[in-house]
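Only one chain comes next, encoded as structure tokens, the form predicted alone.
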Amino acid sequence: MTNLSLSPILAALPWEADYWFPPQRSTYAHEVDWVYFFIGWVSIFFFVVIMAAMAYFCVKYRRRPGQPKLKYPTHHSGLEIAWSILPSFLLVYMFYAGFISFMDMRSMPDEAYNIVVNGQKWFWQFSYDNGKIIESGSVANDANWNDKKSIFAKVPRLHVPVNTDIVLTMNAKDVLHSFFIPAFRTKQDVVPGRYTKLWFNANEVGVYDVFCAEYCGDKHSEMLAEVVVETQEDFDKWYAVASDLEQRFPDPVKRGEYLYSSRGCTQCHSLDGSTKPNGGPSFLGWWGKEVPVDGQAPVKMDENYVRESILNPMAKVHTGFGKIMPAGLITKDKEIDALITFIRNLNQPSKTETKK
């Protein structure tokens, strides 16, 4: 890791600003706040001094009736040099402090835990290095955290161990997004067609909010997530379970429901037969029926149609809906099978309805 961070003396100063900002929960959050408040208080100080001096001079040297007009003062080279040069030292220090802090935040640690982040309208996906986890959990029975209350419901969760360097390698699948964790004082644009990175080291166990800080469409405000910081022991337990969806959800219907909730299907597809604005057709009401397709003959909505629509969304686009679904959200056969089972089960009448 880089050694360019500010002096350790700064870390001992009382800059914990919970009354204004979220708690400082990363190793460099303190430096970010220190630079912010230093610039802020310097600006306030000079604003008060200059405004007070201006008010004083306006009153003291105001023109009074009957007094002759005074001569205009000439310039004072020494004074002009002083008020130009001396403040520049402050500006240079502000730049230095901000630059050192910025370089510390932008220099990726050599040995870190790597996680891939994908952003798209309008949700986040997290992929871990075991190749099995596409995202880290977004339903109420999320392992080890089912008793924790969240201000948001059913949002993706990025699980990380405490006191560990974490590097996020990020990419966007559609438009520009921005990954923002206020408690960690870190934000990075997520750009289509290229990879960007950020790193952090969370210093306290807890659940912290994630926002998209770049306007990306009409559901931008709903593009939420959480960072779950836990002990290494708890993280290892979660990781062992989360890496196997079949172990987490033995029932394929429940597994399919989890995939529906966690892979972005909720953004466009309803479960009650309604059509979401700028979304796609509902998962309810079409199973077994003929689906009108743009430029082609109608096709029956069955296992083959759903599978093809997941792997190649542009192959047979439902008439009346735009070509907005991205490919690659679900690629594994077992996961596709589970989602198909969930959709099929959703469209089957209940036993009560069958008896009637």
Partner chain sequence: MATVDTTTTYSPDSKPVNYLTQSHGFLSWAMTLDHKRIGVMYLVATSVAFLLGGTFAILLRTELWAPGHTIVSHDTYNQLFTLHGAVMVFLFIIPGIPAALGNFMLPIMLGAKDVAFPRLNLASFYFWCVGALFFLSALLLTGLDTGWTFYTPYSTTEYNTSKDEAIIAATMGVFVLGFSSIFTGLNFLVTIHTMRPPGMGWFHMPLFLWATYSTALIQVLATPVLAITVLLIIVERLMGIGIFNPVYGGDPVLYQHFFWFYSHPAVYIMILPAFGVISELISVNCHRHIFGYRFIAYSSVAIALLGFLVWGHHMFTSGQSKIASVVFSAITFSIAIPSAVKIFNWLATMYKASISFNAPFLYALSFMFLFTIGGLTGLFLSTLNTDVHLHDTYFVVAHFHYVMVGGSLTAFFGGLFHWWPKISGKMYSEFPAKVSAFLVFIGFNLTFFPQFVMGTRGMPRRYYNYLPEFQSFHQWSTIGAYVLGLGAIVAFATLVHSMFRGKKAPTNPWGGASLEWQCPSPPPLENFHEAPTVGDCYDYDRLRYDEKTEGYVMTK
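Values in this document were obtained by computation on a predicted structure and should not be read as measured data. Rigid core (definition): largest C-alpha set, two forms, superposition within 1.5 Å. Positions refer to the first chain, counted from 1.
Below: the form predicted together with the partner chain, not depicted.
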Notebook entry, point to check: Do heavy atoms from each of I39, F102 and G217 fall within 4.5 Å of the partner chain in the model of the complex?
Noted result: yes
The one option of G285, P109, G206, G98 with any heavy atom within 4.5 Å of the partner chain in the model of the complex is G98
Of C268, A213, V167, V155, the only residue with a heavy atom within 4.5 Å of the partner chain in the model of the complex is A213
Within 4.5 Å of the partner chain in the model of the complex by heavy atoms, the stretch out of 327-335, 302-310, 287-295, 44-52 is 44-52
*Is T275 close to the partner chain in the model of the complex, meaning a heavy atom pair under 4.5 Å apart or at it?*
no
- Indicate whether the partner chain has at least one heavy atom within 4.5 Å of a heavy atom of K237 in the model of the complex. no
> If you check in the model of the complex, is K121 within 4.5 Å of the partner chain, heavy atoms only?
Replying inline: yes
Using heavy atoms and a 4.5 Å limit, would one call V160 a contact residue for the partner chain in the model of the complex? no
- Could you tell me whether the Cα atom of T74 shifts by at least 2 Å between this form and the one not shown after core superposition? yes
Quick one: core overlaid, is K323 moving 2 Å or more at the Cα between this form and the one not shown?
no
